[in-house]
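Given next are two forms of a protein chain, the same chain in both, each as structure tokens and marked structure 1 or structure 2.
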Structure 1
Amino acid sequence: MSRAVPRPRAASVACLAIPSLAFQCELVERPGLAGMPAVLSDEAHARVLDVTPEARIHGVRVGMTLRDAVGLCPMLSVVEPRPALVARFARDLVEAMCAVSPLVEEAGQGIVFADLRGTEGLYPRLGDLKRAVFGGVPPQLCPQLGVADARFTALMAAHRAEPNAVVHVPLTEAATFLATELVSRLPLEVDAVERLHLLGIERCGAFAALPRAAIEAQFGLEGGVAWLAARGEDPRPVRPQPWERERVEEHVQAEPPLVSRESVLHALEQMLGRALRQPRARRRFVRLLRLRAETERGALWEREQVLRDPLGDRGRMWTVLRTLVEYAEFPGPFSLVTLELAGLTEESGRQHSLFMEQTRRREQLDEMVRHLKVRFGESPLARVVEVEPWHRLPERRRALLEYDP
């Protein structure tokens, strides 16, 4: 009888990955494409972004034009991207990870990290963690989960995991596990990766074998971080958005779709009133306003405004929202509009200008000089101005002029 595998105590980072999230979302929405040759096109409907294994058999490859792809496979199904659908599934992935940890970071669409420190008692076995995460993800998306002690190792583990499976990499095996990965996966700029290729360094194992001092001398601090990541010691923590958990949302499903700007503003005003009446938002202040709208064809329109001072007044919030809408161009009629008030706080602080003290001192100086000019008949202060900065004699380079505010 097999026993459950205990969760390793060293594992502190989990990574949930959905390779090619845009394509997987379309396959979930259109199950008839399963087992058929199909490709995902770009927004210009010109080139191939992703392909199914059945289309790859006919010679269809990522990057070729749709005309060439259809020529190779006349029965090819072409799927257009729908950013609104992808964004909706991406939010579901974040919520699935939030179910296991309060510290969650969305590193990109289809890549979500979670800090697992402190959750050992809730999920003592890897199977418990897997069920908790995959319970909020449609299995048709083929989610992959990686668990490790460092961020980069967890990401690579997720990429190597089978669909609907989890891969754990112990700390002692991380360097060996990462040795065969391409250096292009490391957190390095494109030009740095190209320089490594010119030096004949293609894999993380060869990169990690170099002296750290030499790497940092060539690539700076970024190179040092990549060197640690290649050894399984990635120092980068999970960085969650501080306001993502404290928020309220309101939605309007428009039928027929909202065509005019006035109708969008009217729906938005109603949503703002409902959002502020929610129990979580009462007597609270808002740090972030976010608008999200979807068209009938799946196009996505988003705007957000981080408020310099948290607002609790409906009128001032409405002024900000109205400005976001009045000067925007819409991709089409909206069938779904979402308003999000995030970063809810109990207090309202005021952020002063960094240069306010300097400005105040300058005004005091000018006032003092004006009093001295009245008393002595002329300004007792002078200011230094450049006259001939290129001259070889220092006294010819600058001159003193009367300071007259």
Structure 2
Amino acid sequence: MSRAVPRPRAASVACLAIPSLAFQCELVERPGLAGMPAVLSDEAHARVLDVTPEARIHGVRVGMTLRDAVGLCPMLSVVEPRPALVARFARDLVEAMCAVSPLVEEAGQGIVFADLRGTEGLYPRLGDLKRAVFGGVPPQLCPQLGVADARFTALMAAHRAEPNAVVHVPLTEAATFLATELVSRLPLEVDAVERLHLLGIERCGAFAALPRAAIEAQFGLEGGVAWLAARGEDPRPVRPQPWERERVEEHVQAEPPLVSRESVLHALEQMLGRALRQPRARRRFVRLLRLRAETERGALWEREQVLRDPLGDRGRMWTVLRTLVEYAEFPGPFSLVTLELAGLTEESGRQHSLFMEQTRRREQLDEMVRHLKVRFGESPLARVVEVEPWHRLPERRRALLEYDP
């Protein structure tokens, strides 16, 4: 392990980790909790999800009931989870990593990977990289950064780093660095980890010492990947979503909060207009529509629609968005609504059909049938379907089925 200046060589991965992001977010919002015995409860307010070191001193542990925890420590502060707040901070983490690399993957809550290949010129020293990443993260979140040549090594390096510090693990030292890690950290199913425990294999070093063929014979392809990971050669790449990066966002901060569906729709219509007027969205097509809303109590409501064909037409986008809202159940009045148009693409990205004329006619027919259904209550058109064409009674061979697009 090394904490020296050298910049990792090419083909390296950075991992930004914030253990217990939900709890850390609350500590940022409520600094008075620092140094106090406190726990994070689950949404049902029944069990302890996380504890501060001060609460641990009193014997409070993760997983115990809140009643037991308060019994052990009467001065305990109980923090309720606020998913909206956590989601906002999680987006900040992704943005912070986007500052150093275009290839970023959010692997879980509070864990973000970045592919650093090709960025050596921008950040020649490890300190430059650390400053660039930590510049976008509130220090109260206690971010930890790991840099290594493989994904799993970078993750473990981040976990071992001190708050607001970076750990770099060169390839030659990776196996030694990982040898003491528990096998439960490896990318393995719970059953596989239990079997390893039964065999007396607790640490990555012992796991990596086994022959690869034997591991793959027992645990399959997944076992082989874990074996490589334990040796510091994790083959899994960073999987970014590049089309997500091209996006525009619009917000509405509502005071008083939006209560009725109509008011949400009205706000949404305004946001859509503003979003499409943004220079980045002009003459572009949209692949993903995402709606996010927060209630006053911090509950998060989110819907997204991936569009099979990118849309550039405001009317059709509005139809999709309205459907998302009209059939949704809201968790409460919204104080903040966000509309995101993501995956912006050029018009050439649109999938055309070889049988355009046929498709157009079908669309016209479907549209006409919809109008007729509204007018008459049922579709007046039917299609002939074969039922039992081999039947000797003619009326049993074919039938009419209502044409309902």
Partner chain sequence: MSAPHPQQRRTAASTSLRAIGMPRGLLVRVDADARPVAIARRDRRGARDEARVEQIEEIWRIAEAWWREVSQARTYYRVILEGGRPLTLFRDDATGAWFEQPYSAPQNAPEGAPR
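In this text, rigid core is short for the largest set of C-alphas that superpose within 1.5 Å between two forms. For clarity, every value in this text was computed on a predicted model and none was experimentally measured. Residue 1 is the first residue of structure 1, and the numbers go on in sequence order from there.
Chemist: If I had to pick the form predicted alone out of these two, would it be 1 or 2?
Modeler: That would be structure 1, which is the form predicted alone.
Chemist: In Å, how large is the C-alpha displacement of residue 396 between structures 1 and 2 after the rigid core is aligned?
Modeler: Shift of residue 396 at C-alpha, rigid core superposed: 26.2 Å.
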